[in-house]
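To begin, one chain is listed below as structure tokens, in the form predicted on its own.
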Amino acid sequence: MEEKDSFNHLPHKTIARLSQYRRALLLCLSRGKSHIFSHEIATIQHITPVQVRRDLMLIGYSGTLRKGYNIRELIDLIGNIIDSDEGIKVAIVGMGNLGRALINYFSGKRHKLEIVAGFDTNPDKIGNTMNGVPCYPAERMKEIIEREKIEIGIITVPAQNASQTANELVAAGIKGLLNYTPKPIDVPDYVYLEEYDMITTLEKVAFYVKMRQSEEESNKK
């Protein structure tokens, strides 16, 4: 099997799709399926079979004409590419509805990627535990992150606090950030940042629904 370093230059979108492929493959495996074709993966992911084959060629994996891809082997290969050997610890800052929902959703999903701490300023939340994740006061962020060797931070605070929270996480040694607030943040080049704005995503969906409605109305004329 190839070393992880050989996959360093995979396109970001390919990495995202590999994660999606793995989720679909795990579901198929749980249903007793052992092999799968590219067009089956494509149907699940709502993309083209060509895209699936291109992604899997980039990671050096090919199936057979008769059986397709071996699901267990492909899951293991994707895990070898995406997962860290030692595992990576995650913290969530902002234990409101979204923060708690993320903890509940993510619990037990990936043994190599674990949410181990939450932070908040609300005294009613501090000291509580959600699905095994303790909530600490925000002022202890640097201490806990260093002690637990946490490398990824998820920001779910109110938008006006996003930049300050990001700065505090970076100062505490965080190497990757996922920003769930609608406010863009700036981080140093050595910190990997992903920003997920749910309002923008929903508006994008609404735009395509509107376009589809326009097409249907035009076809009726």
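Rigid core: the largest C-alpha set superposing within 1.5 Å between the two forms. Throughout, we count residues from 1 along the sequence that is shown. Predicted model, so just to flag it, every value in this text is computed and none were measured.
Just so you know, the form predicted in complex with another copy of the chain exists too; it's not on screen, but the next bit is about it.
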Indicate whether the candidate residues V116, M141 and N161 are all in contact with another copy of the chain in the predicted complex, with contact defined as any heavy atom within 4.5 Å.
no
Among the candidate stretches 133-141, 120-128, 93-101, 67-75, which one is within 4.5 Å of another copy of the chain in the predicted complex when only heavy atoms are counted?
93-101
Should E146 be classed as touching another copy of the chain in the predicted complex when contacts are defined as heavy atoms within 4.5 Å?
no
Taking another copy of the chain as it sits in the predicted complex, is I154 in contact with it (heavy atom to heavy atom, 4.5 Å or less)?
yes
Is L58 close to another copy of the chain in the predicted complex, meaning a heavy atom pair under 4.5 Å apart or at it?
no
Another copy of the chain contact in the predicted complex: T165, any heavy atom under 4.5 Å:
no
Pick out the residues of 16-41 whose heavy atoms come within 4.5 Å of another copy of the chain in the predicted complex.
A16, S19, Q20, R22, R23, L27
Once the core is aligned, please say if the CA of R23 is shifted by at least 2 angstroms between this form and the one not shown.
no
